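Starting off, we have a lone chain in the form predicted on its own, written out as structure tokens.
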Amino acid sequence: MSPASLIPVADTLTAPNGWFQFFLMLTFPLHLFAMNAMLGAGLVAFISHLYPGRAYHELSHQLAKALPFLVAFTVNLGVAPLLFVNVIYGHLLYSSTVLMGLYWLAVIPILIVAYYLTYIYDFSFRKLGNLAMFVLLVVLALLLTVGFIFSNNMSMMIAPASWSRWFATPGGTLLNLADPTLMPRYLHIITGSLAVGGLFTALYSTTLLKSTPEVSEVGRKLGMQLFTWLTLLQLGVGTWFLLSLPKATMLRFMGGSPIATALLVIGVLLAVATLLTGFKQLVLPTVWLTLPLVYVMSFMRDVVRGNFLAPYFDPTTVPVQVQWSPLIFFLMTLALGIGLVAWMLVRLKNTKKAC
């Protein structure tokens, strides 16, 4: 059976594909920043539990207060890119989602439990005592499980050749475990997330916790150490991911495509630059270098997706029947949402000052 025969017909677009591609590449890194901060802050808080001393204990407590906000930001900032993926690749994503429906439906209850536990970790931090670190460990395990489910779905979406397994296992329990790119893909994004999350913790400590110098200093040191060593590890994991790709896709990053090759070179140079500033514990320069690095990695991910799908689907060939009103309504809602979030953050900052 030809894999192409299993792919449904793509829905008509209401605006030229380029608009949706632009907003996908604009909003997806924003979701990544929030997810990185969430995972990294959780890991630093957990490591801080293992160190003796009041400063580390207080650092865990301060990060506990931030975690519920970070989970909420991660989920909400993930809605927009998921919608744009659905618009462009909906017929592929819906198909892969049905194949692993049992796991996909489990994402929402897993997230609800993880979110609830972050509030328990925050509000009952002192009451829990040593048990607090185990509550946080469960939170991290649940969030990493959600990431693994997403990696399975996104990798199966671009591999229609694997869909025929459904005829032998039609219960919605398929995962993409036989795909050689799955584990390096998952570890690549998780390692990077934890590294950038360490950098977020260093920034958070040096700005919002500076009123308690001892806590601020241990947060900065721990966050920067996590960032630099995990970024170093990420170079190895990234190489593994690159080598796991099909040869035709890998060669595009090795000179086969000027754009893909340029993205890889820029990404490596930025990663090396962040290592130099990271080992010197320079927080702000590292932040400014990491921001474009995350965008470059997102574009490289898009190149990989396009090459996997090239034999089956070209988004630029989808028919367009222009209806601007849905996109305009989305943009107005997005602007309103950003304004409300900014207003809430200002209110939160002022409330903390008043306390």
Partner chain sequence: MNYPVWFVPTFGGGLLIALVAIVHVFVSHFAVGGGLYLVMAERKAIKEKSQAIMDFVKKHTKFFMLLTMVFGGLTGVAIWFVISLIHPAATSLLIHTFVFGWAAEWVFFLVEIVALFVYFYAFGKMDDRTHQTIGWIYFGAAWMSLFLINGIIDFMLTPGTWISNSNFWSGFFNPTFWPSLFFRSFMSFMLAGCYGFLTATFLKDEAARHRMIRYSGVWALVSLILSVPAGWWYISVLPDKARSLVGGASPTIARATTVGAFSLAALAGLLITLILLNPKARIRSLIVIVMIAAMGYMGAFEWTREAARRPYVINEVMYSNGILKKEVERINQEGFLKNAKWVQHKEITEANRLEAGRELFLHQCFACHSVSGFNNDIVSRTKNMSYGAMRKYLATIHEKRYFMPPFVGNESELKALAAYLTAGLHKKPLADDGGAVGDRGTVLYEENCAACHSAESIKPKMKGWELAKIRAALDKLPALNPAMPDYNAPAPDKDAVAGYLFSLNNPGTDSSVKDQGATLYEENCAACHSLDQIKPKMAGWPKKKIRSALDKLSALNPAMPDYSGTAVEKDFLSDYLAKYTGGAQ
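Numbering follows the first chain given and starts at 1. Rigid core: the largest C-alpha set superposing within 1.5 Å between the two forms. Just so we're clear, the structure is a prediction, and the values are computed from it rather than from any experiment.
One more form of this protein, predicted together with its partner chain, exists but is not displayed; see below.
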Is it the case that Arg54, Leu233 and Leu276 all touch its partner chain in the predicted bound form, with a non-hydrogen atom of each within 4.5 angstroms? no
Exactly one listed stretch (132-140, 180-188, 218-226, 91-99) reaches within 4.5 angstroms of its partner chain in the predicted bound form by non-hydrogen atoms, and it is 91-99
One residue of Phe125, Phe150, Phe253, Phe241 in contact with its partner chain, assessed in the predicted bound form (non-hydrogen atom, 4.5 angstroms): Phe150
Using the partner position in the predicted bound form, report whether Phe69 sits within 4.5 Å of its partner chain, counting heavy atoms only. yes
Considering only heavy atoms, tell me if Ser325 and its partner chain come within 4.5 Å of each other in the predicted bound form. yes
With a cut-off of 4.5 Å between heavy atoms, is Pro213 one of the residues that contacts its partner chain in the predicted bound form? no
Give a yes/no on whether Leu334 approaches its partner chain to within 4.5 Å in the predicted bound form, heavy atoms considered. yes
At 4.5 Å, heavy atom to heavy atom, what parts of 44-83 sit next to its partner chain in the predicted bound form? List them in sequence order, or say none. Pro68, Phe69, Ala72, Phe73, Val75, Asn76, Leu77, Val79, Ala80, Leu82, Leu83
Superposed on the rigid core, does the Cα of Gly18 end up 2 angstroms or more away between this form and the one not shown? no
Superposing on the rigid core, do we see a C-alpha displacement of 2 Å or more at Pro292 between this form and the one not shown? no
